[in-house]
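To begin, one chain is listed below as structure tokens, in the form predicted on its own.
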Amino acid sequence: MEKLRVGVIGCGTIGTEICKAIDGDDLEMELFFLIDNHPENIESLYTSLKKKPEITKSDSHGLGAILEDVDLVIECASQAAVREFVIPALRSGTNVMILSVGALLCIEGLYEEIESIAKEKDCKVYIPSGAVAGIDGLKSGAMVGIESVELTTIKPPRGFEGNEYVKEKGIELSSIERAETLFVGHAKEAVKYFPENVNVAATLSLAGIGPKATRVKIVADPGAKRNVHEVKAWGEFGNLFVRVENVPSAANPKTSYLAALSAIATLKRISYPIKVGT
């Protein structure tokens, strides 16, 4: 079987894990290009790969020409990168994977635009489950009706370092001595104020009952050793409760290792003939 040619946008923590998986022998894929607006990220990743991609770039200039040679574009950079790179990829007839899922909630009309172009061009848009479990149950339950979905995210305070919402609220992360709630609201607000931390809120809302009906609570807990996501849902299907205790990425404590593994598992699902799970 001919290998799928892949382009990756974003060479940070998750992008690096994805590229290393493609560079191995388990996926029927090959890496064709890398794009990141930080050249040092590209250089670090490029030198670590056994099979070097043909093209590396630090911007979207000339993107149209290289899209003609790829089968799948993976975005794992930022919410802004979704519009900048995913839209052109779809318009070129290329399948895409989106990891900055919060963009679909935060950027007005983006979800509808992506859906429209994907239908017109007969493209697939893949959204991995990320650092949470239970997406399959939510999707199944939504077939008959879900009354409520709640997400509680608990991370060590350092996992929220640099967050603008935390700064504006005057929260001193270093002074937190016991579990402290940073935010309570709906998913659309959560991904706006915590874009680095709760992409899972966007994914849950898309799989379930929508961004404004999905409730989110975000907690900083100095006693937490892992990034925890708890999902509660109930409806005509029954009750669902899932708790995932994620190992934080060694390179970036804001990111759970499972988020990268979820993207890699989605790539395996794309490339393998047998599909397991809803």
Ligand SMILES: NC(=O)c1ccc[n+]([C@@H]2O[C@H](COP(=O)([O-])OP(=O)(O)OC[C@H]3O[C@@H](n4cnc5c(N)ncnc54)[C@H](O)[C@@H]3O)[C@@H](O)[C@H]2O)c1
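Keep in mind the model is a prediction, meaning the values are calculated, not measured. Residue numbers run from 1 along the displayed sequence.
The form predicted together with the ligand is left out here; the points below concern that form.
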Heavy atom contact within 4.5 Å of the ligand in the model of the complex, the stretch among 48 to 56, 30 to 38, 232 to 240, 213 to 221: 30 to 38
Output flag, Gly7, Ser92 and Asn95 jointly within 4.5 Å of the ligand in the model of the complex, heavy atom basis: no
Ser205: touches the ligand in the model of the complex, heavy atom cutoff 4.5 angstroms: no
4.5 Å heavy atom contact, Asn252 and the ligand in the model of the complex: yes
Contact label in the model of the complex: Asn163 to the ligand, heavy atom within 4.5 Å: no
Contact label in the model of the complex: Ile22 to the ligand, heavy atom within 4.5 Å: no
Candidate from Ala187, Leu104, Val73, Cys76 lying within 4.5 Å of the ligand in the model of the complex - any heavy atom: Cys76
Partner-contacting position among Glu84, Glu115, Glu180, Glu150 - heavy atom within 4.5 Å of the ligand in the model of the complex: Glu84
Contacts with the ligand in the model of the complex - residues in 130 to 165 whose heavy atoms fall within 4.5 Å: Gly130, Ala131
Pair Cys106/Val198, Cα separation in the model of the complex versus the displayed form, closer or farther by 3 angstroms or more: closer
Inter-Cα distance between Val198 and Gly109 in the model of the complex, nearer or further [3 Å or more]: closer
